[in-house]
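To begin, one chain is listed below as structure tokens, in the form predicted alone.
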Amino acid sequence: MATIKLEVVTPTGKVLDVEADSVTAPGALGDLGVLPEHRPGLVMLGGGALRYGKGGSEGEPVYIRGGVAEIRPDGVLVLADEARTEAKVDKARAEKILEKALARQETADYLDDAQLQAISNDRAYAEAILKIAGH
């Protein structure tokens, strides 16, 4: 079976570098699925869990907080504002991010598209982490 190279990079370094059968990324407008030989493109990322299939099973999710994904027929390069593996998530920090996002949303008189997207990314990122932390 054909595979694709999945790399997740943040400003502080590489978080993930694996061969995968498929990738599902949290796009800014919804989840994006990528299989080998996908058409090239650039996608704005939102917040949430990036998942990938590997050898018939699911790999460890990576929690993304905004960024961009470059999609090529042979791979996906994720340039994330922030990314953490499940082993490195911080539940207390996620709770603070969620509280701050909700407070910004409720108290702002006006939010432009960029501010709304940032709040949405933060909220989805924190909620995805808190969902797994609750298990």
Partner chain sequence: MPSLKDIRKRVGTVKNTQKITRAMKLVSAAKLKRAQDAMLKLRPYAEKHREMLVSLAAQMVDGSTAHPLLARRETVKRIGVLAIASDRGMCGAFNAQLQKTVTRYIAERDVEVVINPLGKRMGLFTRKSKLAAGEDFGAVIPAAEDDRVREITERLVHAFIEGEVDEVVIISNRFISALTQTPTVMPLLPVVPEQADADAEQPETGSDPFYEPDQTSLLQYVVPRYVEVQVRQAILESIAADHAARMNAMSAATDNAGEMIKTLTLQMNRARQAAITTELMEIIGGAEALK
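Residue numbers count along the first chain shown, from 1. Here the structure is a predicted model, which is why all the values come from computation and not from measurement.
Keep in mind that the form predicted together with the partner chain is not shown, yet the notes after this line are about it.
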- Message: On the criterion of a non-hydrogen atom at 4.5 angstroms or closer, are Pro11, Leu29 and Ala80 all touching the partner chain in the predicted complex?
- Response: yes
- Query: Is Arg39 one of the residues lying within 4.5 Å of the partner chain in the predicted complex, judged by heavy atom distances?
  - Reply: yes
- Task: Please run the contact check for Lys91 against the partner chain in the predicted complex: heavy atoms, 4.5 angstroms, yes or no?
- Result: no
- the partner chain contact in the predicted complex: Ile71, any heavy atom under 4.5 Å: yes
- With heavy atoms only and a cut-off of 4.5 Å, decide whether Gly66 touches the partner chain in the predicted complex. yes
- in the predicted complex, which of the listed residues (Leu102, Met44, Ala108, Leu35) lies with a heavy atom within 4.5 Å of the partner chain? Met44
